[in-house]
Structures are given as C-alpha cells and as structure tokens.
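Just the one chain here, the form predicted on its own, laid out as structure tokens.
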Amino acid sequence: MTPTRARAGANIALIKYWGKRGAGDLNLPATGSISITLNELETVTTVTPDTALSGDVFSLNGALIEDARVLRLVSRMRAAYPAMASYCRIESVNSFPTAAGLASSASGFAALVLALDAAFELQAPTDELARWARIGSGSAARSLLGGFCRMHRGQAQDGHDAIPEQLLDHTAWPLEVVVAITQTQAKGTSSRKGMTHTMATSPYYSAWVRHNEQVLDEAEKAIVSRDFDRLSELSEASALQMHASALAAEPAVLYWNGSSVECLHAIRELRQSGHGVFFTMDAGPQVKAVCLPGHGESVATRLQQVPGVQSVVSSALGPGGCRI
C-alpha cells in the first residue's frame, strides 16, 4: 500500500505539567498546561500498511527499535478501529536530538497518530486523536495544535475532557524561540520516571500542583492580551517551581547541568539590558529562550557564547500537525 506521511512540531510548555492523575494507563495530567508549538523542531512519520507483515515494525532515525510505547499505542488504536486491520511499517525521523529534553516524544506521538489516521482513512476528530496522542506521551496532544495551546487537565476518569485548546495561532503573536542545546545524548531520567518519582517522594509536589492550576487562567489572559512581561513572570516561575519540586524528591531528580544554569543567568542579563526574552526549561538540560519578534538573533548570539553550549537552534512558532 502507499506510504502516508505526517509531521508535527515539538512543543515547549510555558506553564508546566508534571505528574499524572488517576490510575491506569490513560496518561492523564495532574495539572493543565500552556505551550507553544515550534516550526523548526519537528518529527516526520511515515506509515505503510503491509499485509505481509506479522507484526508492526518501527524505526526511529533509520534504526529499527522495539519501542513498547509506540507498539502498544498502535495496537490499542487497531483494536478501536476495524479499518486498521493490517500491520504496518512505521518510520519516524526527528530533526533534533531525541529524548534529550526537547519534546521529541510529543512531536513523535502527534505525528504517529496523524499518520495512522491518514493511512487508514480513519477521519477521527482532533479531540479523539488528541486522546490517543496523550496516551503515548502526556504532552503530545499539544503538538496537534499550532501556536499557543492550553491543555486541559479534565475531571473525567475516562479522560475525554483532557484535551488541548488553541489560544492563538502561530501567526497571531509571532514570538521567536532560541534553544540552547547543552547535551545531545539521552537524559539519564526519563520524564515519565521523573514525574512518578517526584509525585511519590517530593514534599513540595502537592503544593506545586495547587499553585500551577491557579496560574493557568492568568497565563491565558497574558497570551490573549499579548502581555509579554506578565507571561515572562508566570513562565519562568512555573519552570523553576516544577524543577524545585523535582529537586526536593528523595533522591533528587536533577535535569540541569552547569551550562544550563549559565544560560539562565545570561537570559536574565539580556532582559535587564532591554531585550525581550524569558527562559523556560523542561525535563532535560536544554534551555529555551522565548523572545519578542526581532530579538531572537541577538539572544542566539549570546547563548552560543555560554561555555558548554554545543549548538543553538532558532525557531519561529509553528502550525499544528498535519499530513504531508
């Protein structure tokens, strides 16, 4: 059968989610979150149904691997959709380092469900695809939408209301993002393991969840009104508080390295000197600088000078995932 391709951009959370709610494998978030989707950091996934296969085959960046999460999700979708009768070859390629704190699982699972939907002509609505993507990776549902996205925590135990909502498209407020890559190899503690351990052992965790839920509405107002200063305050606080809860776990979950910290200082100095920029960090050592239009180039130049920064990637905000 004909190969079908889809792409999705990585997304960076400005107001973080960290941890799960409820039992089972629905991967429901403990808090809502707000993110931006990037254009230049993307996953392209090709799905080729093949009746000669005796099982699904998955490759990542050209290497065949047994990824239990990918194969399990495809199996679950096949059980739900009779049209997905045949097994398939799944080939995913990331344009950026994998499993290094750059949201490759988010773009990967978003591109996967979009490619499967197109290959088997499922015509599933976006909210339905979002629920499948979320089961693969808690942040993947956000990568289905472009620009600014709010992921709702939801209340239902079956997760039907834990879905993303676009706040602004990628052209409405064209912020720039500069990513300082301080490590290219996979991080030592996966996001899922880090969340589980933090939830179980950090005395700060429950307070972080309560506080984080309170700031979501404030951050949404800042985005809709294009209030960069207020969004900067809320985003930096959310990132540092998330990492503080992980640092308070026993033993601590530490994603930063020395270069990460130096980048944070550099971004604060840039802001003090008049640049429109703030930082955020996810579960990994990479630092993301979010900039007002026109400020990205000078921020990139400064971050490239930080000792230990291996490379700098600049990106515009991007559209939602799609078939290509």
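All residue numbers are counted from 1 along the displayed sequence. It should be emphasised that the depicted structure is a prediction, and the values quoted were computed from it without experimental measurement.
What comes next is about the form predicted together with a small molecule, which does not appear here.
task = Check each of 88, 162, 242, 116 and return the one that places a heavy atom within 4.5 angstroms of the small molecule in the predicted complex.
result = Of 88, 162, 242, 116, the residue with a heavy atom within 4.5 Å of the small molecule in the predicted complex is 242.
inquiry  = Taking 4.5 angstroms as the heavy atom distance cut-off, pick the stretch from 220 to 228, 187 to 195, 70 to 78, 163 to 171 that is near the small molecule in the predicted complex.
reply    = So the stretch in question is 187 to 195.
request  = Examine residue 137 and determine whether its closest non-hydrogen atom to the small molecule in the predicted complex is within 4.5 angstroms.
outcome  = Contact with the small molecule, yes.
query = Does residue 183 reach the small molecule in the predicted complex, with heavy atoms at most 4.5 Å apart?
reply = No, residue 183 is distant from the partner.
inquiry  = Please tell me whether any heavy atom belonging to residue 202 falls inside 4.5 Å of a heavy atom of the small molecule, as the geometry stands in the predicted complex.
reply    = Looking in the predicted complex, residue contacts with the small molecule do not include residue 202, since no heavy atom lies within 4.5 Å.
key: the small molecule contact at residue 20 in the predicted complex, heavy atom, 4.5 Å   = Contact with the small molecule, yes.
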